[in-house]
Structure formats: C-alpha cells, structure tokens
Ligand SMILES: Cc1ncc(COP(=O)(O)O)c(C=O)c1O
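In structure tokens, the next block holds one chain alone, the form predicted on its own.
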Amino acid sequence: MTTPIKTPAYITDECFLERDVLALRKIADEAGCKLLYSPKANSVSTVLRKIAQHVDGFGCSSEYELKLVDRLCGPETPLHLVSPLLKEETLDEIGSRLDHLTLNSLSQWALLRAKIPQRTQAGLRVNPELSFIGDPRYDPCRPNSKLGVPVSKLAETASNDPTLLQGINGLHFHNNCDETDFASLLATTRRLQDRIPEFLESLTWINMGGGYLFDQAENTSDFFRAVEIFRDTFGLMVFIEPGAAMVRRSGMIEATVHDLFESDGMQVAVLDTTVNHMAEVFEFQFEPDVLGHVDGGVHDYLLAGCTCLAGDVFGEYTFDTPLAVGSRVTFLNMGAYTMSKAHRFNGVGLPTIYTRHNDGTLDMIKEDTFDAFAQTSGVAEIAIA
C-alpha cells in the first residue's frame, strides 16, 4: 500500500543519496584523503544515519549538531568541530567527545587552549586571503572577515612568536561556495604552501573544507593535485568535508496547488509551501528546478508561496499539462540548506518529512504540529482556556 504524502512534504530519496555519497567516497579514496560530512547542509535523521555508513566522520558547526550526530550515529563516530563561537561550557560538556577541534582565532586559542582535552587534536582556521565568491555575504575572505586567522598574520606569528602556536597540529580552510572548478582550491593550496611552508611541516593534518560540487566538475585534476601537495610534500592527513555535494540531489519538496487566479495577465498558482521552506531561493533569488517544467510549454504559471510576503514566489514555469486546484508540484534538488534553514514565518507549518527507500517504499519520519509551533513561542504546555 502506498503511503499518502501530506503536503507540504520534504522527501529524501535514498537511491540518489547513496549514489552521490558513494561517488564522493570513491573520489576521496582515489585521492588518499579522509571524507567527512558537514551536517549544516542537511541534518535529517535518516540522512545522517545513511551517510554515517560511508564517511570517516562529521564536520560539525555547533554543539547541537555534535550532540545530534553522537546520538544518531553512536559514540564511535569521529567528530570534528569548527565554529566562530566556542564557549567554555561547551568544551566542559562535550570536549572529551571531540576528535578534532578547530579554533577560529588566535585569541580563541589563547583563551581555551588549557581546556582542550588531551585526546582532541587542536587546529586553527586559516583565512587564505583569496576571494573567489562575488557575493560578500558568502565570502569567508571578505574584508574584515570574522572567519579564521589571516594567513599573513599566521605567517608573522609562526616567524616571530612560534610558542603561541605550540599545541596546534592542524589547519582548516574553507573559502569557496558551490564551485565546480578546482583551480581555486589549487590556488589556495599554493598560497598556503608559499606563505607558511615551515608551519605546515610542523602539522599532522589539514581540512580543505567544502563548497565544491564534485558531480558537476568537468575536471578534478586540480583537486587531486591539491591533496597531493598537502599529503606528499608536507606529510599531512587531508580531510575534505562536503555538505551540499552529498545531499542536494537527494531531496525534493512536494506541494499542492490550493488556488489559481489571474494577475496582470499571468496565471498565479498558490501552493501550500513557501520560500521560507527553501530559504536559499529567497536569499539567492534563483528559480528552483520544478518537475514537469518545459521551456516553451503550453501553460504558463507564476508559482507562489502561501505567506503574506510579497516576494514569496518561486518564479515563472511552463507545463504541457495545465495545473488545477489539487495538482501536485515537485521542487527538485532541495536536499541542501532546505530543512536546516526552513522556518515557520506566518505560522505556516514545516514540511512533513518522508524518506523514500531504495525499494520505492515511503516512510513518514516527522510531521510538524501546532504544539511544536506553540513551544517556539514559549508555551510550555498546551491547554484550552
């Protein structure tokens, strides 16, 4: 019996997920590096459990992500933490669980170094001072960046006061986003090789971060060369931690048309989902992929979300088959930064979460409720007055 899908719905397709994770596993093995997953892209429980079977650990960004991975994937799962904010109480509570900890600044290192457990390998995030992202909102190397120690400062410290860096045995960098050309990664590698060669020789590991879409790259030779430089020239264990590259294609959002009307000559279809369920659609102002859309199709529609935000629209789409009230609309490639950023503006519930297994069966994982919404408003107990 087929499970009826309650919309709006977020659906993970395990077939797509497993295919993309295994493809990255193969690339990492061929390059001789360790593969981590960054759960900030997608932390749905079934996704984390599936990915855990194929990676060398998780690159987390917060205490809650760490605790979630630990609970779902078990105490033997290697955990890495890199975050601009690291509280003393966080180290007190979960520091002993960390395999690798990346400090964001030299001041953070000076403040917390004495509290880092002996079993935890400490590293620094370095800002290579190379920008490849046009939008400064997403550029870790923007002027006055809060992310990492500038490589010029690191080189100066390593030369003039190396005792400040004693106890650091790794580096982490991440200075790209949704990139399909690995030339920028190789350029970053050579920047570090040129600026801090002696310091690199004193380390044992380096994390090259994520932000690269391996499945869309025409040539990965620069990636292999970057790994080779760190691994063979400096003898480092190399980590990569893709997020979106593992999960984007495995997720979709299914919605239902609840209203159709004409506005200035355009047919508007109001759906029971919203850009608030796909926050990056609004942030980046792009039109997401929709199943059934065809260029030059017969029937044109403006697909709109269900909130009072005027800009809650997905774009203009054309279909060969007309939409009607009750029609289903499926947004593709929604696996990354969708549920991890989704919110309930206007009191609209979050999508019901489903998993489609390899055999085609469908399981409901979680349904949003009014009680969950009320609790975010500070209502501890739901009672009828």
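Bear in mind the structure is a predicted one, so any value in this text is a computation, not a measurement. Residue numbers run from 1 along the displayed sequence.
The same protein also exists as the form predicted in complex with this ligand; that form is not shown, yet it is the one meant from here on.
In the model of the complex, this ligand stays beyond 4.5 Å of every heavy atom belonging to residue 356. This ligand is not drawn, but in the model of the complex it has no heavy atom within 4.5 Å of residue 54.
A residue is said to contact a partner when one of its heavy atoms sits within 4.5 Å of a partner heavy atom; residue 149 fails this definition for this ligand in the model of the complex, lying far away. Remark: residue 40 counts among the residues lining this ligand in the model of the complex, judged by a heavy atom distance of 4.5 Å or less.
Considering this ligand in the model of the complex, the lone stretch of 253-261, 69-77, 234-242, 108-116 in range is 234-242 [heavy atom distance within 4.5 Å]. Checking 281, 185, 82, 192 for any heavy atom within 4.5 Å of this ligand in the model of the complex turns up a single hit: 82. Just one of 123, 128, 305, 210 comes within 4.5 Å of this ligand in the model of the complex, counting any heavy atom, and that one is 210.
Scanning 158-176 for heavy atoms within 4.5 Å of this ligand in the model of the complex gives 172, 174 in sequence order.
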